[in-house]
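A single chain comes next, written as structure tokens; it is the form predicted alone.
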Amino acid sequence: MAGDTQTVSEYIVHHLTNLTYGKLPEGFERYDGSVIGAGGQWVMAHGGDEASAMGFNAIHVDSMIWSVGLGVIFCWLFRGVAKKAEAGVPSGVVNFCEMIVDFVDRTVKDTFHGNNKLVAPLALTIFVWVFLMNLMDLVPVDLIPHTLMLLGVEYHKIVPSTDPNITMGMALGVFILMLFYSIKVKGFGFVKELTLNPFNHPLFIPINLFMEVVGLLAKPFSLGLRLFGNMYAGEMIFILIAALFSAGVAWMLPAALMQVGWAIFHVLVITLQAFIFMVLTIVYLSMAHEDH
């Protein structure tokens, strides 16, 4: 619930602020009135103003911890399942993980038309990793931030996929693979694809190149921003509903019902967003392997 000393606006801003570490420039006045000395200073940001002043080199510590941690959990879980897998009838977690692997494998076979052993493991990693990051959205919005505030940690976000740095970073990785395989598979044909489509005439090369480059760059942006936008909106709704608890006793039951209802619906959203990110990755890599 929103704290007694916070307005609703302050409550929302607080829950949407990352734990940021970076270098404040020389002469910057901090929240407590102190001024950064010569050469700047590496500190944890206190509020959005300080995070903005840190610039591009600032690190969202909470997003890094949760994304890497969930990735480690994914690797540990599937490694353990792989070691336990045997010819008999699977059960429990082994059966569930095998269902996920079979589902991803069928999706790759139906969508990817090239010959690349990397695509299926990559698709599995993306699907499970993004799903786990999205799943953190179902943790009560006040539970971890308020617990960490008691330990002196002012800001903390636990849903990595609500951070555009994480989603765009993953999209950039997919984009680099697209370029790599486009050049590897098509060679000079990739240049012809960018310059002679859709108008197959030398006079239209500048126009073709402009349209193809814009379309190419739109792929990672749409991939990363789609995931970020959907998850950020979902987190915002959870926070707005949680803020209703501070509106009085009459709002507690409706707010609780709305939280449960949105959480149940959000299970579909987090799964669908992980699936879409995976499928688009497969489609883009399939396009990179198509040599006409």
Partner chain sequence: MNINLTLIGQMIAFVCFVVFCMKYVWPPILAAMAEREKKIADGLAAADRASHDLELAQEKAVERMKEAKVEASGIVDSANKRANQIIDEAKEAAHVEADRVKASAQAEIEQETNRAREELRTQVAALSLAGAEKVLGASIDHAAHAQLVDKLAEEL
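Not measured: the values here are computed from a predicted model. Residue numbers count along the first chain shown, from 1.
Another form exists, predicted in complex with the partner chain; not displayed. Remarks below refer to it.
Contact with the partner chain in the predicted bound form holds for all three of Ser63, Cys75 and Asp105, each having a heavy atom within 4.5 Å. For Met231, no non-hydrogen atom is located within 4.5 Å of the partner chain in the predicted bound form, even though that partner is not displayed. Mapping the unseen interface onto this chain, Leu196 falls outside it, with no heavy atom inside 4.5 Å of the partner chain in the predicted bound form. Residue contact check for Val260: none of its heavy atoms lie within 4.5 Å of the partner chain in the predicted bound form. None of the heavy atoms of Tyr31 is located within 4.5 Å of the partner chain in the predicted bound form. Judged by heavy atoms within 4.5 Å of the partner chain in the predicted bound form, the contact stretch among the candidates 197 to 205, 136 to 144, 212 to 220, 161 to 169 is 161 to 169.
Checked against the partner chain in the predicted bound form, the residues Gly187, Gly114, Gly173, Gly92 give one hit for a heavy atom within 4.5 Å, which is Gly173.
Among Ala250, Met236, Ile264, Ile59, the residue placing a heavy atom within 4.5 Å of the partner chain in the predicted bound form is Ile59. Contacts of stretch 118 to 139 with the partner chain in the predicted bound form, defined by any heavy atom lying within 4.5 Å, are made by Leu118, Ala120, Pro121, Leu122, Leu124, Thr125, Ile126, Trp129, Met133, listed in sequence order.
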